[in-house]
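For reference, the chain that follows is the form predicted alone, supplied as structure tokens.
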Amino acid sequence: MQVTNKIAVTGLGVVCAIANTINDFWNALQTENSSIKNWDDLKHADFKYIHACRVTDFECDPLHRGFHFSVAAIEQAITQANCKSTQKWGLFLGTTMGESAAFEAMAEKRQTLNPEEYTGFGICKRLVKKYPKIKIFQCFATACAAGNYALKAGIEALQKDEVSIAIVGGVDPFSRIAMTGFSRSRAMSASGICKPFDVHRDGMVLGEGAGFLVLEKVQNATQRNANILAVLEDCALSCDAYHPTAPKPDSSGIIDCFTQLLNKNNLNPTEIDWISAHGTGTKLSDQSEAQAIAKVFTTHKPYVSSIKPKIGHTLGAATAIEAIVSVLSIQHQTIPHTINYKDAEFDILIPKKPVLTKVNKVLNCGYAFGGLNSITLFSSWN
């Protein structure tokens, strides 16, 4: 890839259960604290599991919570990127549920609403009204890999000169629909403690939030003297098409995703410093991911960690928020740890404390129902 086609990350913005600013978010990742708590409203509604990671102190219209999360994160990102004078923006958004509260209200016949306004497409249309510089937009409903899908679309739009700035990310407000679905599929943690890759892990914990990045060509960023935080090199996608919810037992789809990304970018596995893992804490997903990592990285073990024990599984926002963590790890030359991890089951290197070390290349992984696999590659600038 020519230098002029390289994609720079110049802005970051986040809203999640542990923080609503980038600095607070990074600082919270260095602690042992988790945002998981029990919720009275879930208890009173007779949910089987009442623990979740939810954003507090965020007042907004509950039917448009995803839109307001998105605006809060986008404002942070475009302010940091200082790109408000740049023309021809593109919006690339991933989500799983859209405005779930609206669909719940419709299902319970509490309100009569137009469903189209509350889908991910509807969120995009509201964002276009708020930001007239957005000339094109795309929405991806690829579940828990949606953020990475949006990142790939942003790369392609910039390289084709369809846009000069790409606002890329994912959003999902807390969803009772998702909570019910994951409970019935026995994916939720009975203990209320998310423990990715631990031998005693017992499931995931649901979260909510939004994460957005500002992307632009390195050439454009340098010409306007923008601060380049990292380079988004590439995104690889694959699909198992094996089972509606279960990963393929041999991990071949994830392995293919790793190998196509490494081969396309002429990388040796030894060059990867950290893998920001999907790491949900469920039995099968963690096993599949760990098995793939062990098979690909045979002579060199990069650090592997998950932030989901801190912020929960934020569905369509997950890989977007974890992409932000990937950039921050490069910025701070520090690898976040996995809290609640005590007893190993797999032959991968999982830090129990933050690791201050060289961080030059990071892989950000996200997998979704239907066998969707996605991995993005971030590198340090200069």
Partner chain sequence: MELKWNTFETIGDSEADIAAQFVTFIKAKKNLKFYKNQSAVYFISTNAGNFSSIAFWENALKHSPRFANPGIFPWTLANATSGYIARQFGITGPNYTIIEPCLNREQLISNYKTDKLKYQLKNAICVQWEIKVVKNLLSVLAKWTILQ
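Numbering follows the first chain given and starts at 1. These figures come from a predicted structure and were not determined experimentally.
There is also a form predicted in complex with its partner chain; it is not shown, and the following applies to it.
For the candidate spot formed by 28, 53 and 189, no residue has a non-hydrogen atom within 4.5 angstroms of its partner chain in the predicted complex. Of the stretches 114-122, 189-197, 281-289, 74-82, only 114-122 has residues with a heavy atom within 4.5 Å of its partner chain in the predicted complex. Between the options 303, 89, 140, 297, the residue in contact with its partner chain in the predicted complex by a heavy atom within 4.5 angstroms is 140. Within this chain, residue 273 is remote from the site of its partner chain in the predicted complex, having no heavy atom within 4.5 Å. In the predicted complex, none of the heavy atoms of residue 217 sits within 4.5 Å of a heavy atom of its partner chain. Taking the partner from elsewhere, residue 97 is found to have a heavy atom lying within 4.5 Å of its partner chain in the predicted complex. Under a 4.5 angstroms non-hydrogen atom cutoff, its partner chain in the predicted complex has residue 243 among its neighbouring residues.
Although its partner chain is not shown here, in the predicted complex the stretch 222-243 places heavy atoms of 234, 235, 236, 237, 238, 239, 240, 241, 242, 243 within 4.5 Å of it, in sequence order.
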